[in-house]
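Given next, in structure tokens, is a single chain: the form predicted on its own.
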């Protein structure tokens, strides 16, 4: 491991492994990484040895070994610097059709990781009507304490009442961090709460970490059209707020035996005439497909933007029990609707199987599928960045490869059905 004159351990790039995704350059807090001929390069004079680049690299092309920490008993007692009076990592638990939203539980899992680094607790904020069961579920997914506001006016999401309720909880409980799912309601609510509390908000984050010395939440998200990754922090105001899309973080294990405190708070409605819901329209889209719910995705990229090939992709999706999705160029061509798009400006997905056909693997696309369990890439360009993150890669013409792939899968399925 390389070190500087002060014996600070430095990160090192393995050029042959680097795929030029720029995730490391975006997360580096001191700007020590630049791209040279499509390969990351670390300036040893600027590197501070934090190791964040190694954590975010999807292909393990960065060498870095952290020094082992001393046991807790040997470390100095005391809490790192922060803003006095604030404590805990809070998660707003969104209620959808009487159930806790999956993204909220994903954020609780991440909150446990962040709270562990800060030496603090995980708090659940449950707002709605008749949400007692969901409060208990929040404990099971990892919250240490749950703060509940239960009121008939909160039975349906409305900006003003919900904004007031969550802001009141923040004022009373004073969490250091507040995480909200980047859903339709979450995006609206986060802006309202941040405005009321006069604090910062970073939207659509793809990575969260802690600067343990300064006790600051490091919020990473794509910027400049997805060309670079930026790490943003809120140094002077609390709570530090971030929204995160569904499927960015893993769903934690549910432990129904976990215990914790449930604290109920009274609700004071906002001033003025309370709003009322005249009519609620459900399932407006009707035929819209939610690609985040399928275990397998067949994803067509710019290199497979061909109307004649779509039936073939549909056939492969049918064999695998999945659905056809795409990258941005396919939507722009009009072949598939926007709701099928994966990536920074589309949806974030985490299927068990992700088959990328003609997908180059630009960073804008990678941030939307980084949570996939297995990635199969089919591309005629051996230098395509997608091969750097794929578990299995096939170099060739997809019009030849995909039919062979389908035939082999169907043959094995028939063979299995026959008991041989």
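Please read these numbers as outputs of a predicted model, since none were measured by experiment. Positions refer to the first chain, counted from 1.
What follows is about the form predicted in complex with a small molecule, which we do not show.
- Heavy atoms within 4.5 Å of the small molecule in the predicted bound form are found in one stretch of 342-350, 188-196, 88-96, 121-129, which is 342-350.
- For the three marked residues, 329, 360 and 365, a heavy atom of each sits within 4.5 Å of the small molecule in the predicted bound form.
- For the chain shown alone, residue 302 is a contact residue for the small molecule in the predicted bound form, at least one non-hydrogen atom being within 4.5 angstroms.
- Contact annotation: residue 403 falls outside 4.5 Å of the small molecule in the predicted bound form, judged by heavy atom distances.
- The closest non-hydrogen atom of residue 62 lies beyond 4.5 Å of the small molecule in the predicted bound form.
- Taking the partner from elsewhere, residue 408 is found to have every heavy atom lying beyond 4.5 Å of the small molecule in the predicted bound form.
- This chain is displayed alone, yet in the predicted bound form one of 384, 390, 42, 53 has a heavy atom within 4.5 Å of the small molecule; that residue is 384.
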